[in-house]
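In structure tokens, the next block holds one chain alone, the form predicted alone.
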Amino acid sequence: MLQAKTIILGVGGGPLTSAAIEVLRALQRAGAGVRVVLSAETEAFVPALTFRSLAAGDVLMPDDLYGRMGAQDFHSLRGLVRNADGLVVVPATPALIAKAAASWADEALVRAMLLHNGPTVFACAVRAAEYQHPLVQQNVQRLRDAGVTLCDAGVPETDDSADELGWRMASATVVEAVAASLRQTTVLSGKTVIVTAGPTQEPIDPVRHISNASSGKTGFAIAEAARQRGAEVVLITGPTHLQTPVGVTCVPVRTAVQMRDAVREHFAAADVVIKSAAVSDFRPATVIADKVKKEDATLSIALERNPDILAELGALKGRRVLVGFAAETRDLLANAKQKVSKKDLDLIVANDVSDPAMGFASDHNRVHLIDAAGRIEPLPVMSKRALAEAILDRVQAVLTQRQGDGA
């Protein structure tokens, strides 16, 4: 979500200071490089050493108004801010809100806010009692007028929680607010994108199933990249161990029939459907109610075909952009081109899964893209996130062309 982005994390004080630790970790998990600036309030609640250990020492103290000395040279605060994509303050205490609203730059964090020209997010428990005072609300409004995003990430621990002592912060909400502030305005902005991901599992009995080696990594990368481009994303996924990208609606399923039903449920609202899931072609004709003992088991299982979800969608697609995947071990391009025409696809991602170093379970892949006209575009070895961006670039081109044609 935030790959190759640099985020300044300003840390406030008070009972919610520890939330900044979780936000720091969450930003790093989302792919961001994080530089930390502590406020004058911070160390009364969490020591600077904690943030230094998590941010690889990239921490500025409140007195570093103009920067700090490195091992060999001076690192200016202005340089730190100039290279940052976004700034987030957690928690944004009433004191920091007041200082920022008044441009009171007597510490490094407030000066960093004034030097930063990019998106700025203040995260706090907005509904806690201290934020409801009219003076605080006036300062909040001044920040909003200046373009600062106020993120209400507060979660009350009990129904009668009043001040910050009774609240916690949802780190996922903060990261989504940061990502939203950086989100690109693209052809996908405001569009609904369905992405299917992962394997399906077809049960034999309560403990055994038929499945495949799909990890879901490509589908999850596509969902995250589409969300970053401004789309509303519905991720329909078979069983994986991957974490749902922030801001993405996740619909977990197990079987091919369940996946077909979930896709059909959301299909009417979709502008784009990207079918990256490795759906089982077959399922046992009969699911046995109890675990089969090995001494009682037969050595053959009668199978029946699963529905061809992609073909069904092709027959119904209308104005939608439809992207399929072809995982093959031989005759890759011939089989993939046949699928494009037979299933009325706008694009297919042809993936040779015979190479154990690529494809399933790997973090990288090498594919060919084939469009509706049969044009073949070989892509080099790339990360699955880079592949996701390449696929979405082609999807956006189709959307742009259709908008221009009035189709």
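Here the structure is a predicted model, which is why all the values come from computation and not from measurement. The first residue of the shown sequence is 1; numbering continues from there.
Not pictured, yet referred to below: the form predicted in complex with cytidine-5'-triphosphate.
Only one of E130, E265, D205, D308 comes within 4.5 Å of cytidine-5'-triphosphate in the predicted complex through a heavy atom, and that residue is D308. Listed residues G219, P199, P245, G324 were compared with cytidine-5'-triphosphate in the predicted complex; G324 is the one with a heavy atom within 4.5 Å. Judged by heavy atoms within 4.5 Å of cytidine-5'-triphosphate in the predicted complex, the contact stretch among the candidates 275 to 283, 168 to 176, 140 to 148, 115 to 123 is 275 to 283. When cytidine-5'-triphosphate is considered in the predicted complex, H368 lies well away from it, no heavy atom lying within 4.5 Å. Taking the partner from the other structure, cytidine-5'-triphosphate in the predicted complex has no heavy atom within 4.5 Å of any heavy atom of D261. Residue contact check for R35: none of its heavy atoms lie within 4.5 Å of cytidine-5'-triphosphate in the predicted complex. cytidine-5'-triphosphate in the predicted complex is approached by E328, whose closest heavy atom lies within 4.5 angstroms of it. Counting a residue when any of its non-hydrogen atoms is within 4.5 Å of cytidine-5'-triphosphate in the predicted complex, the hits in 331 to 348 run K339, K343.
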